[in-house]
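The data below hold one chain only, encoded as structure tokens and taken in the form predicted alone.
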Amino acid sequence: MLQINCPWCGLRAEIEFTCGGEGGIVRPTATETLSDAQWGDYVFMRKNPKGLHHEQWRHSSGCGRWFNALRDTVSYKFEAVWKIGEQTPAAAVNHVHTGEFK
């Protein structure tokens, strides 16, 4: 059974968690200046890498809090977890989405 380390509650069974998709995506501030293609990219386009991926997770059957995670999409292993707003762990720095919309 896969266990996930909630930054507040510690190790818990995977069934207690919900994946919220790619982490670090920030809503554009000047949405009225975006083209339809740019808006579509923001709303729908997400990375789907093979390997380490920055995601957001929620401990939905526990404390209910969201947190960031760096997970390997091949092995499902969680390499790092950290609270929203905390400094990104050194192991995750190269894989974290910058939040910049292009």
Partner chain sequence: MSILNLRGNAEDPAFRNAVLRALKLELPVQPCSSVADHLYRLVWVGPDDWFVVGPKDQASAIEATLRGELAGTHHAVTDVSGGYTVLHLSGRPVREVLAQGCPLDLHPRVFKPGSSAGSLFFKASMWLWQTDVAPTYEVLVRSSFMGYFWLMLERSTQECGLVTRRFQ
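Numbering follows the first chain given and starts at 1. Predicted, not measured: the structure shown is a model, and the values here were computed from it.
If you look for the form predicted together with its partner chain, you will not find it shown, but the lines that follow are about it.
Using a 4.5 Å heavy atom cutoff, 1, 8 and 13 all lie near its partner chain in the predicted bound form. Contact annotation for residue 63: at least one heavy atom lies within 4.5 Å of its partner chain in the predicted bound form.
Stretch-level contact check against its partner chain in the predicted bound form with heavy atoms at 4.5 Å: of 55 to 63, 70 to 78, 42 to 50, 24 to 32, the positive one is 55 to 63.
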